[in-house]
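Quick heads-up: it's one chain on its own, the form predicted on its own, in structure tokens.
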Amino acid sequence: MTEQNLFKTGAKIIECFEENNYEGYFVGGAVRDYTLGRAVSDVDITTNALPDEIESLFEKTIDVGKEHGTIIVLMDDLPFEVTTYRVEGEYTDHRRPDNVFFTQHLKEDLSRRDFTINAMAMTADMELYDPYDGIRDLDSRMINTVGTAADRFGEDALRMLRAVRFMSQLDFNLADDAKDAISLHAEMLDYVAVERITAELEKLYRGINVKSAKDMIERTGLKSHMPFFKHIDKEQYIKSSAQSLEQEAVIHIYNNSELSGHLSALKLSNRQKTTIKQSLKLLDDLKSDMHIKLVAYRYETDILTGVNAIINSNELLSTNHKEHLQSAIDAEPRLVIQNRNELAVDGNALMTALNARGGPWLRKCLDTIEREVLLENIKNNESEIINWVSSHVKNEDGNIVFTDGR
């Protein structure tokens, strides 16, 4: 779905509101990115219609947060998050408002948003409503809060990290009052759920200027209140270069294995934890000069390329190791087999050939055959493999014995 079609379909929702004497506007990140000429993947809408009224106007809706005014409206099978204009009460825990109040005024709704570049609205005809000078800040590539920075960060402490994330994502600068407010109130990040912090960091590392964001995290003191990162040496953190949160973790754990004990604090997904574990193992295998073909065979392509990016941007391994990994990446498409299922024999064939029952020997035998085929010491042909097994493995009264083949 192109962004043009997204806005065109979303306009049908806004037009429905207007036909029923309500207001409706595109709002938030979609407006910001459209104005910047960036890709738009989802579009949010705001309205003065109350949640019950939203549900009554559309055939297909999903209640995802009615008490906070948010309803998903399905239009042409596309989901749009539609939220009633609202203002918020006190944030006594620096995470979420104690109360939410609906309002009939768009400007009041926009006043509660975090940054001026996210506080713009747009009509169905793509005309901007910009009461807080978001366009000015887009033009000057500046992250500015709506109103006083200390107030906005006091409401939701995650906004401090979001400000830095937008620096990376958009390659913008951070306004001086926002920097000062973060430096004064960085400890409020301790109130924020780890999952929310990790989600922001993942977006930060997908940005186009990660370095400036990391520098700001260190300079303002946010790093000292971030799980896992608080334990990383300052100079090592500033010096490292990573393209993902997982890569950042790999670099620092590789340099200081004690950091692995703090990784669980980030509450990463199983996939992320596996990526980190496999990347660290690959780095160790490269140091041990594992055969190029074995390196290519034992690791998924994304692990190989991820570690390649790490060692090309950080002083972790020698030039020889870098060349070794690149050779493994180049060799991967040309491997004789890509996985064990492609071996010309299986366990049953080996048991038949040796007239033996299964047991630990079988895994050892298959592992050895796999390696020899991969290194092209044996052709991946059933008869040749069986001949090789016959000269290297013996059944001595039911005991399987591996020989040297001589």
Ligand code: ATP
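Since the structure is predicted, the reported quantities are computational estimates derived from the model, not experimental observations. Counting begins at 1, following the sequence as shown.
The same protein has a further form, the form predicted in complex with the ligand, not shown here; the description that follows concerns it.
Shown alone here, D114 lies within 4.5 Å of the ligand in the predicted complex, counting heavy atoms only. Although the partner is absent from this view, R162 contacts the ligand in the predicted complex, with a non-hydrogen atom inside 4.5 angstroms. Contact check for D130: no non-hydrogen atom falls within 4.5 Å of the ligand in the predicted complex.
Under a 4.5 angstroms non-hydrogen atom cutoff, the ligand in the predicted complex lacks Q247 among its neighbouring residues. Relative to the ligand in the predicted complex, residues G28, D33 and F166 are all within 4.5 Å by at least one heavy atom.
Proximity to the ligand in the predicted complex, defined as a heavy atom within 4.5 Å, holds among D156, E332, D137, E218 only for D156.
Comment: the ligand is not present in this chain, but in the predicted complex one of K267, K203, R141, H291 has a heavy atom within 4.5 Å of it, namely K203. Partner contacts here mean any heavy atom within 4.5 Å of the ligand in the predicted complex, and among 166-174, 239-247, 70-78, 257-265 they occur only in 166-174.
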